[in-house]
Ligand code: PLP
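This document opens with one chain alone, in structure tokens, the form predicted alone.
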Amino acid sequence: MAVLANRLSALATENAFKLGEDIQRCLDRGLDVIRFNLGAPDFRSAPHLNKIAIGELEAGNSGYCDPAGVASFREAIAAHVRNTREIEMSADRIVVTAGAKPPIGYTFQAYVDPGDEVVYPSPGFPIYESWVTFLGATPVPLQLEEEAGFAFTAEDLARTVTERTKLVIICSPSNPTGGVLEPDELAGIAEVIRTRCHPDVRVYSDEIYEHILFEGAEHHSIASEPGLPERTVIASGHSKGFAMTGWRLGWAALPTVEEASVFKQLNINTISCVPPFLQEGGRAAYEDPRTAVAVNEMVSAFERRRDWVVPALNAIDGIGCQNPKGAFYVFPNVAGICERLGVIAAYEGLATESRARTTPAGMLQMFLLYRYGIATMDRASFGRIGSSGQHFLRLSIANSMEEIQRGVGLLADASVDAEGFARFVDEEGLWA
């Protein structure tokens, strides 16, 4: 008899948080670390929202509440969905969660049985793949190609779905690539789902970056396509678009009241409820016109950073970087750097067990952190299955322009430091 359950071996993690242990080691050594690893805006929640939550707390609104969420907040979310997706939505189909991550797990627990096939984007948010393997479902990564702007087509999806498909995951704008599915692409994808998938197949549409699009683009949801409202779980929240990461406010809009009751039951079994005083602040994020002003200022800052960092990365020999259309990440191809520094050769020289624990981009990631104080994320952190041979890093640009410029300068220095990389591999012994 083992202490821990066997199923835990199938549960992966989110390396953006796990990397914190390595960052702390570097800080303990006196190294200043630029944190490109976490997708956390360097902005803070708007003062008018803070005041509402503080006032609610001081007024004593700090007890238990409806596990599905307080009525006023759910009404505000339903109105937001109706206005932005142009579909019918009622408050009794909304469930408020502690951040936008629980709806992922709730969706898997509610709809997916062992052996069911789950189609998900790769590279994509790592928790998708983690839940697939944890529940014993069959992972079907839909590989997003750099040449296609990290989007996918209806034809790509049609080649992927089968009669065993139970869940299709879509994320637009995308983490980690910043790719965006355009309206014509969504229409084609919806047609595949309508004609090739069983009516009981659900679409999980992760729209957490719905507010962060560039060049005046507007958000489009798969749920707005004909026949898709009754198949789609829409998930979003306040962490990214409203810079309210620590508030832990997320929500799911369900196809039916019955399905919403399942999510409510899962809330009861895990968190009981989200603090009501926070929900009242979250409500104002949708209803107070001052919020839109704050969001626009933040998105404009992200766009300015993108417009600086993409050309700067492309100016480094060995890097090629697409121009993201949304979110606040860049996802440069670093294959040239890996080749020039000897990273790929070093990886191939590792023992079999050591190669299984890392990738060439993962080795480069650690070199940049331990020797240059740049915390990035490697390609395998966003879906390991099928990622072999893909050499990318993700950098969050939710940092100040000063930090971004300093970090890119250090990355340029590191890109030609082959001797430093060789010493790093010998001295650190991270993959021994």
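Heads up: residue numbers just count along the shown sequence, starting at 1. Everything numeric here is computed off the predicted structure, so don't read it as measured data.
The following text describes the form predicted in complex with pyridoxal-5'-phosphate, which does not appear among the structures shown.
For residue 152, no non-hydrogen atom is located within 4.5 Å of pyridoxal-5'-phosphate in the predicted bound form, even though that partner is not displayed. In the predicted bound form, pyridoxal-5'-phosphate stays beyond 4.5 Å of every heavy atom belonging to residue 417. Taking non-hydrogen atoms only, residue 100 approaches pyridoxal-5'-phosphate to within 4.5 angstroms in the predicted bound form. None of the heavy atoms of residue 74 is located within 4.5 Å of pyridoxal-5'-phosphate in the predicted bound form. Contact with pyridoxal-5'-phosphate in the predicted bound form, defined as a heavy atom within 4.5 Å, is made by all three of 104, 128 and 175.
Only one of 325, 220, 240, 283 lies close to pyridoxal-5'-phosphate in the predicted bound form, with a heavy atom inside 4.5 Å, and it is 240. This chain lacks the partner; the member of 343, 112, 208, 157 within 4.5 angstroms of pyridoxal-5'-phosphate in the predicted bound form by a non-hydrogen atom is 208. Shown alone, this chain has one stretch from 270-278, 356-364, 200-208, 220-228 that lies within 4.5 Å of pyridoxal-5'-phosphate in the predicted bound form by heavy atoms: 200-208.
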